[in-house]
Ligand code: GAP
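Form predicted on its own, single chain, as structure tokens, below.
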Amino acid sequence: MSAENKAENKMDKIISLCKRRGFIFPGSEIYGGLANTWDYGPLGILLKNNIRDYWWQKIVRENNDIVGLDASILMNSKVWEVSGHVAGFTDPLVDCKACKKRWRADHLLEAKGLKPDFEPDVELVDIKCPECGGSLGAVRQFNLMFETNIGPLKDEGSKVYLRPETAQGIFVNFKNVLESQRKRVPFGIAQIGKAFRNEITPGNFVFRTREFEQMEMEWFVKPGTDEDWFETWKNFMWEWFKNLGVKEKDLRFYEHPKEKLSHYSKRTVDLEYNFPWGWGELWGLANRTDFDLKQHSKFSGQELSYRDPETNEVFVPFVIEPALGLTRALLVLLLNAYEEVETRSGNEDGKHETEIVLRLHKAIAPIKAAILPLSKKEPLAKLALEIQASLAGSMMTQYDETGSIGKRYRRQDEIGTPYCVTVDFESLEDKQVTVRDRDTMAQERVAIADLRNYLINKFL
């Protein structure tokens, strides 16, 4: 099998696993779906929440100089005019004249090894539609913001946008946070929330979607210290994924060339992951300079500078921004954790079966422990349910009493559960259970009275 086919095969397996086990479902599926929308099922929302909580833990809870914010999705439209999104947040769009499919013009040129330099309203005569081979129309700039209206009347005065990024909610609240929290530079404001971009060519499962969640932090620093802080957060990004078990061979940094930098950026570096289809952006780091605060100060008339309480020096802070897509991080962690192992079946012919093991880091695993009674009948089931109840306040558990113990182990391996707790008939007598480790497959006999603390210590 070619490398390309293997990559497609792995993505197909991930997508299949996600639907089969309740991680991610196609959006609006019973009505034929809605292109590139996804719903997170019972296990998916647990995984997503755990990743979100891990990011918040490392960014906010473990840093006294970073506070949180939850800004509104709908903002005054002037915010997006001042930030440059209304005029400049565009992608070059081109339509196929035959099949009508839309493409990113710059992506088509880059795929042919050509520079994405072109004039608007000019046809790409040397490029054909990748779908049907038809001729392409003229290139036109397409604004990525979703536009809607607020209130009963639909006119220019009621126009608002679904936010394309969460950062602007932080910038317009800079003064509020600075004054209410009495912070000193350097300090940060973190936010997790939904953002919306009307992408021309979304795809690759949840990698690029029109509705997504961002985990962003704006780190406000004194001008002149920004380059050192940039390196600090660059290292942080790498270590964050490394600590979650992502293989370093699948990570790399990509430095944006100066000619491709956003209008607000002094420097941008992406942490990339080697996806099945190739390297792609995972976590972006930008030195936004003082652009945003100066723009909002100029057009709002509000003073958004900072006065150093020790030196009395007044300046507009520079901003270092590490921005991570939550759902993109989820996809990376699923891909990284997915493993197929051969196990000897119980068949007389001794054939091997392929088992899926999702080796998710313990901190983000949706289910921390599965409770598996060897019998559905009393009094074993009663004891197993009592054990589950004793753990419920400390961790997410799952109760499974159907099928052989081997099949139940495999079901838990497939969803990434780190520990299985088997309640057997001996448990009624010796008040102990067997705890099985997902990764080592080692089994240990543990007293029921000690089980809660035993498992909690495994997650420290």
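The first residue of the sequence shown is number 1, and the count goes up from there. Note that the coordinates shown come from a computational prediction; the quantities given were computed from them, not determined experimentally.
The form predicted in complex with the named molecule exists for this protein as well; it is not shown, and the discussion that follows is about that form.
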Location of the named molecule contact in the predicted bound form, chosen stretch of 165 to 173, 151 to 159, 246 to 254, 300 to 308 [non-hydrogen atom, 4.5 Å]: 165 to 173
Does Glu353 reach the named molecule in the predicted bound form, with heavy atoms at most 4.5 Å apart? no
Contact label in the predicted bound form: Tyr264 to the named molecule, heavy atom within 4.5 Å: yes
4.5 Å heavy atom contact, Arg104 and the named molecule in the predicted bound form: no
Though only this chain appears here, would Trp283 touch the named molecule in the predicted bound form if you measure heavy atom gaps against 4.5 Å? yes
Which one, Trp229, Trp240, Trp80, Phe207, lies within 4.5 Å of the named molecule in the predicted bound form by heavy atoms? Phe207
So which of Ala384, Leu360, Leu324, Leu293 gets a non-hydrogen atom within 4.5 Å of the named molecule in the predicted bound form? Leu324
Candidate spot Glu199, Phe212 and Arg288, all three touching the named molecule in the predicted bound form (heavy atom, 4.5 Å): yes
